[in-house]
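So this first bit is one chain, no partners, the form predicted alone, shown in structure tokens.
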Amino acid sequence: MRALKSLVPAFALALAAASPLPAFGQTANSTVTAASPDGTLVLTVSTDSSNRPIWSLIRKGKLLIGASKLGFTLTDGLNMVRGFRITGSETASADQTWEQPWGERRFVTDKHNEVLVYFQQNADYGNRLMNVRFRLFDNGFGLRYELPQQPNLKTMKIADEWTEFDVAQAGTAWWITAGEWNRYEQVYQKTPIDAVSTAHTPITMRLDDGTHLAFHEAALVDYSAMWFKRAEGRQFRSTLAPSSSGARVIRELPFNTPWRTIRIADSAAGLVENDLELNLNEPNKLGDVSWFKPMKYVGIWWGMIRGDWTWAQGPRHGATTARAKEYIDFAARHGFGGVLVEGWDKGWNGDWFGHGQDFSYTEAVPDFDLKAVTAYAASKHVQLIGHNETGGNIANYEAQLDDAMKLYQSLGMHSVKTGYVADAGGIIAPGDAPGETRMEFHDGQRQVQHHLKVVETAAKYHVAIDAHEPVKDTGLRRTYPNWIDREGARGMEYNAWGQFANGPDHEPTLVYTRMLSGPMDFTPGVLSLEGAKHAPLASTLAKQLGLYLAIYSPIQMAADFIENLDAHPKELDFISKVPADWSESHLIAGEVGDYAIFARKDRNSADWYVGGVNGATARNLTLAMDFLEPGKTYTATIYKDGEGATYLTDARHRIAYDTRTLKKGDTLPLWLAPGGGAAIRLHPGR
């Protein structure tokens, strides 16, 4: 339970000494200070000489975020950036632990201090009110605007949000460009911080003194997504995804914005082992979601991605009744919980773009018997995973949404993959008049509303949602645990379209960037290491296994053709056994963009799994087994890069197997090939 209370009085003098002096003309009580529970972070909130709200952040006595402004520009009135004074503040704190129904770890600790600062504009601006809540954790920070009910402002039409972040120190950034046609599906850039333009979040930075930062947002509901725009030098500000209405956000008061967040750590591991965004979301609103079980799955997918089969009807149609039953048989033999089938429904015409109005989400094509396939799957204790591609036409999808989810529940389908492939990310949304449609950006306010509508409707029918071409994850899986997964990054599919289309550093970068926002349906397990026309992957065979530990998801695909999976019985055995749900997860070795090795404990047994992925440079590691339970001996079954393995040649197929006995306190030497990886299962003997 959270309890209102004053921050520890002993901090008062230290905070005042660490905070910048008030600007000329201010009094001492116009500055508000707060600290994180252990005093590592110190916040100062004030107004500048132009009466603009400003904030700054000190970490371990050193300036981290310099004086940064707050506020909004509006489309229909005076802006909310000047003429403010602080009229008061309230403090609160929390120290609690909560349980996830599924996740990287079972229990999450939420320990923070916070301060809510009350701002009011002067009479020239209508005496408008704007409150800002700041929450300080020992390893992170969040702020959000809280717009209360008030007589002089009923509806906010936000042209843009002006939340600044003045990064005080130089360093390196890993980021992708915001607002591009392919949404989040880009290769990450590594540049100096002051070379960033406008980035999607999370954007990760390593400062020159070794401090690691990741900027993002939490609890994105009924609001446009935040892009991270550099103004000058290392000064950044929020800018919101556009809208067809002109105003990027339209909200009736009262309302709260999403949280603007910063993960803060001394190391890369500190960024990864951090639950900041989850803690800034509301608790589970759905109650019991035990009808969803984390699982691995196979699917009728890679054949279409490579071009061997088609989504559309015809002689090479992928989603036939016979093929679906073949994949169900394979899943049942090897312990996979589901089979994804794409291209089963009416509306596919061979072109992804411009025909979203043709899709039906309840009617199957003639060579796919939906009821027969789902009944056959049930007889084998396997679920069919549905696929709802919209072609970006959410007007058509929303019109059928209830009927579709009701049908899937009746057929025993508890998971659906949605898709929003559209040219330049444009979304066709319902307009204000009957039959009217309009174009919206893929992560604008209207599309944010749509995704939540899908998730809430699916929850009524006990269906979980895996969203592709999504709005980015912001921790809403805590509030809506049936929102199990998103794509939202450059996934395995790009490897089907060209040699080394995802470079060897791609996955070790995702761990410290995209994966900080939440689970990703990356679709690992291409054991043939080949895309279309035999194009090689920038991966060794061992790396394909390591992906199951590096890229977290509560549903994990074995993406290759089932005959290719069968051709690698040892690797398939590992994939069939590796869990998709964990009680603990720790990054035990890694650096941003270079490599990432995890130790994860199975939620349903005493087994531990260790492994991950490497970038382009070979390296020798010594892994400490400090995470193991004392007094127990574990048998380690090891899958690792074979001697001379490299992603650059056919040696990418070289893999070595080993078995060792390990206990807490032992170390394990491990060589990682260029583009390599490893996977280890540790089973306790006594």
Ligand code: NOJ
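Keep in mind the model is a prediction, meaning the values are calculated, not measured. Note that residue numbering follows the sequence shown and begins at 1.
This protein has a second form, the form predicted together with the named molecule, left out of what is shown; the following refers to that one.
Novice: Would His468 count as touching the named molecule in the predicted bound form under a 4.5 Å heavy atom rule?
Specialist: Judged by the heavy-atom cut-off of 4.5 Å, His468 is in contact with the named molecule in the predicted bound form.
Novice: I'd like to know whether His387 contacts the named molecule in the predicted bound form, with contact meaning heavy atoms within 4.5 angstroms.
Specialist: Yes, His387 is a contact residue.
Novice: Would you classify Tyr512 as touching the named molecule in the predicted bound form, given a 4.5 Å non-hydrogen atom cut-off?
Specialist: Residue-level check for Tyr512: no, no contact with the named molecule.
Novice: So, Phe255 and the named molecule: in the predicted bound form, are they within 4.5 Å at any heavy atom pair?
Specialist: Taking the distances in the predicted bound form, the answer for Phe255 is no, it never comes within 4.5 Å of the named molecule.
Novice: All three of Trp483, Tyr552 and Asp581 touching the named molecule in the predicted bound form at 4.5 Å, heavy atom to heavy atom?
Specialist: Not one of the three qualifies.
Novice: Determine which one of 347-355, 169-177, 283-291, 537-545 lies within 4.5 Å of the named molecule in the predicted bound form, judging by heavy atom distances; exactly one does.
Specialist: Looking at the partner contacts, the answer comes out as 347-355.
Novice: To verify the annotation, which of these, Glu440, Asp473, Glu507, Glu487, has a non-hydrogen atom within 4.5 Å of the named molecule in the predicted bound form?
Specialist: Of Glu440, Asp473, Glu507, Glu487, the residue with a heavy atom within 4.5 Å of the named molecule in the predicted bound form is Glu487.
Novice: The named molecule isn't shown here, but in the predicted bound form which of Glu161, Glu342, Asp275, Glu571 has a heavy atom within 4.5 Å of it?
Specialist: So the residue touching the named molecule in the predicted bound form, by this definition, is Glu342.
Novice: Counting only heavy atoms, which residues in 285-309 are within 4.5 Å of the named molecule in the predicted bound form?
Specialist: In sequence order, Trp301, Ile305 come within 4.5 Å of the partner.
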